[in-house]
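A single chain, nothing else alongside it, follows as structure tokens in the form predicted on its own.
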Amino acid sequence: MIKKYFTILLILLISLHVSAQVWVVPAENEGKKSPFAFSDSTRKAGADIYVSNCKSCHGDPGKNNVIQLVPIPPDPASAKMQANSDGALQYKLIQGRGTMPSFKNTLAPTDLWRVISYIRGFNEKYVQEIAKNTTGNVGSLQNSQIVLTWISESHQIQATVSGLKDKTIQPVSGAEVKLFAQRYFGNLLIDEARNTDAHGAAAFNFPIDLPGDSAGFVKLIARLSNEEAFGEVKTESNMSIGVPTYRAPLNEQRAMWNVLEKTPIWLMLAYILTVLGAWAFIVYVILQIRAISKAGSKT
């Protein structure tokens, strides 16, 4: 009886382990396609992004020098990676799973497609399908742009989206806007995604305690989510709306990676004591050898 239960438990654990290796992509994401054609320039840009964000785990494509994690990240040039659709690759980059981080707020949607463009460069049989209706505008609106405005009374950032129609600037309504603050490691999402109103405006609540630089400046990045409809539309702006913060340089304090003059005291003491201890042991051994030699001479 115990053997039977043990077998059932073992089968269950194996099933859970196998199912954990399968990454199910929703059908609506599976069929997504890039809003632009892949080219040498997009592959080059994707290579730079890959080296900065992906190489540490996935290694050099085609070299099979991936890091040994659980599950093991696939080589981008492998059949396993290339078997994914473009939409599946985009979904996995956005969502992340386990040891793989989500790049939803770290990389712009266009940058995700550039990484995919780079990955597809290692598949000679790949034939790209571009998303339909990617004119870079909505209807007759063209050259969409975002303007950011600080509203001090309500402590909000207002993003106003507009485009050209018949040579006249008109508001873009119903466009989803995301606002980010640039941080040391990636971008911080401010509030939640907002849709523009009839006047093309969307307001974001800005944190009252968000650190800025020494003068309180914060770099803001706003972009439209629907690239298939609008193309790549984003803007950047530096505003003095954060909490003034002095960030000491990494080499200001005593640290192991600093110069000799700023080596941690404990490390210097440990080094000196270790060296003295080693020399003391050597002297002790020499003295013992000398004593043995003298004792042998007397005998």
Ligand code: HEC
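Just so it is clear, the model here is predicted, and its values are computed rather than measured. When you see a residue number, it is the position in the sequence shown, counting from 1.
As for the form predicted in complex with heme C, it is not shown, yet the points below apply to it.
- From the list 34-42, 232-240, 253-261, 66-74, the contact stretch for heme C in the predicted complex under a 4.5 Å heavy atom rule is 66-74.
- Using a 4.5 angstroms threshold between heavy atoms, N84 counts as touching heme C in the predicted complex.
- R97 belongs to the set of residues with a heavy atom inside 4.5 Å of heme C in the predicted complex.
- Looking at K80, you'd find a heavy atom of it within 4.5 angstroms of heme C in the predicted complex.
- Using a 4.5 angstroms threshold between heavy atoms, P101 counts as touching heme C in the predicted complex.
- Of the residues I157, V172, V177, L93, just one reaches heme C in the predicted complex with a heavy atom at 4.5 Å or closer; this is L93.
- For a residue to qualify, one of its non-hydrogen atoms must sit within 4.5 Å of heme C in the predicted complex; all three of H58, V115 and I119 qualify.
- Residues of 257-296 include none with a non-hydrogen atom no more than 4.5 angstroms from heme C in the predicted complex.
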